[in-house]
Structures are given as C-alpha cells and as structure tokens.
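First, one chain by itself: the form predicted alone, in structure tokens.
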C-alpha cells in the first residue's frame, strides 16, 4: 500500500494539523510574554531550572486544545504532569517552552515542542520557534520539514567535519561534562550549546549541526525532535524504549556517518 493511502491517515491527519496549529497559537502567546519579560512572575524548580507564568499559561493552552479535540488521548506536560498515560492510548508529550533560561534572558533560542506517541513509537513531532517563525514538523514515514521545505541531516563522516550540540543541565556532573568536551575535542570536533535540547536537535535535522549528545534529557524535551532527526535521515539512541513518555536519560542523535564516533563520546552510565 502506498504511504499516501495509509490507513493511519484518518487517525493522524487531524492530530498533525492540530499539533501545528496549537504550536503556532501557543507560541504566539509565549512570544507576547517574551516581549514583556519584565512583567513575568518567575519561580525556581531547582538549580538552573526556572519556571514562569509564561510556561504554565502556554502549556494550559496546548493541553486545553488537544484534550478537547482528542479526549481519548493521554497528555504529558512538563509543567502539569501526566494524565491518562496507558500503553494502549496515544499520548501527547509537550514542553510549552523548551529553553526557559534563554527565554527569560531575552535570547531567541527557545521553542514549543509537541510530540505524539502511539503504539510505542513517536508518530508526530512539531517544534516551533516563535522568534524566528520557524516550524519544524515530521510524521513517521513521511520525512521532516522546516517551514514546508524538506530537511536532511549532514553528510559528515567525522566529528571534525562540523559542530556537535552538547546538552547540559544540573543533572550533568562536571566530570561527565568535562569527559564529553574533552573527547569531542580530541576527535577534532567542537561543541555548541543554545539552552534548548529540542531546538538543538532540530538543528541536527536541518544539517546545521552534525549531532547532539546529553547525559540526561527529559522525554518532553526531545521526543518531537528525535522524530525530526530520524525522518531527516539521522540516527538516535532508543530513547523512547528506554525511558518512556515520562522519563529521562542519555541521548545521542546524529547524522549516520558520525553516530558511532559520537556515541563513544558519551560517558558510560
């Protein structure tokens, strides 16, 4: 059967359209806060882990739209937690503002991330950067696009041939961070960090970066972006199988030509 006539279409088409629409709507709300940062109430969830009313309001919009339109689906949000998660149900996995620190500092490297998981697979992934008006989107088996243009990962064969995204949070020890930076540089590579794992992984899908690695990333930060990378021709460690829709753990995602070399840069867990 041709992929264009897949029986999944009637199920996934409205969800894909909804994810794109709500990403833009929620992104517009977040952007209005971004342009008036001085008025935001900001709290801390932990070391280097701020949260603002913009995060909560943006997630509320996404949750309301998706659960109203698809009441049988489960929902996992960074700010409001998990509702109805079950292996037999489709699940939306959402980070309303991935890159809250850059957001609060007035930097443009933050995004809305929405993934849809069904039958133990990431089926849909949408990432929207409202500052640049860039929307990255993917459906399993249909490729990945940036504002409608098809994306492809880099053709790099060695880490010395490009920049690698390096994720870091309070969950990453100084020793592990030093290990990754040292071994990446020893291989002739160079690291790049913008403060949003989802957006950095999207840059892997576009071919702007050759790969991404992090010792611990949460599901809501990376599931949509993993699909982007894979549908753009890249490779990723089996994050969903290992951590599910609510967990977190290490990740390596890259162009196929550097995957094995990059995986060796990740410290043993």
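It should be emphasised that the depicted structure is a prediction, and the values quoted were computed from it without experimental measurement. Positions refer to the first chain, counted from 1.
We do not show the form predicted together with a small molecule, though everything after this point is about it.
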| item | value |
| --- | --- |
| One residue of 90, 143, 195, 108 in contact with the small molecule, assessed in the predicted complex (non-hydrogen atom, 4.5 angstroms) | 195 |
| Interface segment, criterion being heavy atoms within 4.5 Å of the small molecule in the predicted complex, picked from 121 to 129, 152 to 160, 81 to 89, 165 to 173 | 165 to 173 |
| Partner contact for residue 77 in the predicted complex: the small molecule, 4.5 angstroms, heavy atom | no |
| Residue 63 within 4.5 Å of the small molecule in the predicted complex, heavy atoms | no |
| The small molecule contact at residue 30 in the predicted complex, heavy atom, 4.5 Å | no |
| Partner contact for residue 189 in the predicted complex: the small molecule, 4.5 angstroms, heavy atom | no |
